[in-house]
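First comes one chain, alone, set out as structure tokens in the form predicted on its own.
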């Protein structure tokens, strides 16, 4: 049975400029446990006292997942893993010639002795042990087999085959893992695949097919450099392509969104599964097919993730998509009117980068000669802004004040650094403004709340009541 170890709290936090608070780490661990991953790599307690505390707190949550502490091959690291209450210690020690010569300054025999001693010591403390030969895919194969079998004899029940530089290709990964399986003593084989060439998940899937047992993932594919396999992509690939159905899919979007929020590590719109455009359709041929039967251009139903498909209207659009969008607003048009509306959309100025629903409704009004009032107008909202830790906040304030829709800006205390009152014509304009605010240099994340009513203090004038 395939297993998943999620390393968001260790490998994921090694993403440049990402650091989680203790509260965030506990929430991440809970969310991962809802997904049903078999193991959670909680961190390396030797890195800092804060990480040691986090590992200890996570180990004390009583989660179903096995809690793994990462450690170099040292007694100090192993002792800290034990003290934190982790179920398992993941001991790593590099095995490639370049690492042994340039980084560790050890001979192969010296490396083997260290690995044997430290794994034996960890087992004497009652810890389960996974051994990771760092840079395994650049290690001489005969030496790799030798060192892994020494680790297994010393008490390791898992070997993590680490493609540290992401240099493998699926066919080579398959061959290497199959050879490992044939030459290693009984153990489970984990796959830690980096994504430097965009092949991490493909390599991991090939490794599983060759006989490996476990894929290492992070939420949103975070990690050193280009990261490792994305948790959601891995689970959906296993579920839909390999019929591995033991994981809970609905929590994948909440954990992805949460990580995006607390890390400031924003997803590319075209990212598979969790990206904004993953179920968005634009071409007339595509939208017509999807509206008739979603299976024509969707590999699976977005409802599986609790998501909805989106149809983009612009010059590529066909009549089916425009008719469907108008129908969403309860707008009825004749076939002849629809033809004209579509024609107007296709002949819009080439400099128009984006067409909003309000624009479509405006065109419909012009063509039909009717007033169509279906979208709320004159919206006030409170936008909370968190800035990057290294940013001079007044510089961000100045940028925000440059937007004509921003009425007032305040520096505030608490989880956010800036509060802004904005006034826009409609919901689509609000969405557009928020997207623009997020592009301001130094803005880490935003949270928006639409103002429903406005009240004035006694003596300040004005009436209580609705806004917009």
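Since the model is a prediction, treat every value here as computed from it, not as a measurement. Residue numbers count along the first chain shown, from 1.
As for the form predicted together with 3-hydroxy-3-carboxy-adipic acid, it is not shown, yet the points below apply to it.
Participant: Just to confirm the contact call: exactly one of 327-335, 110-118, 161-169, 201-209 touches 3-hydroxy-3-carboxy-adipic acid in the predicted bound form at a 4.5 Å heavy atom cutoff, so which is it?
Facilitator: Of the stretches listed, the one contacting the partner is 161-169.
Participant: Classify residue 234 as contacting or not contacting 3-hydroxy-3-carboxy-adipic acid in the predicted bound form by the rule of any non-hydrogen atom within 4.5 angstroms, answering yes or no.
Facilitator: Close contact is absent here: in the predicted bound form, residue 234 is far from 3-hydroxy-3-carboxy-adipic acid, nothing within 4.5 Å, heavy atoms only.
Participant: Quick one: is residue 25 in contact with 3-hydroxy-3-carboxy-adipic acid in the predicted bound form, heavy atoms, 4.5 Å cut-off?
Facilitator: Although 3-hydroxy-3-carboxy-adipic acid is absent here, residue 25 would stay clear of it in the predicted bound form, with no heavy atoms inside 4.5 Å.
Participant: Could you confirm whether residue 11 comes within 4.5 Å of 3-hydroxy-3-carboxy-adipic acid in the predicted bound form, counting heavy atoms only?
Facilitator: Answer yes; at least one heavy atom of residue 11 falls within 4.5 Å of 3-hydroxy-3-carboxy-adipic acid in the predicted bound form.
Participant: Determine whether any heavy atom of residue 218 comes within 4.5 Å of a heavy atom of 3-hydroxy-3-carboxy-adipic acid in the predicted bound form, and answer yes or no.
Facilitator: Flag for residue 218 set to no.
Participant: At 4.5 Å, heavy atom to heavy atom, what parts of 191-226 sit next to 3-hydroxy-3-carboxy-adipic acid in the predicted bound form? List them in sequence order, or say none.
Facilitator: The stretch touches the partner through 192, 194, 216.
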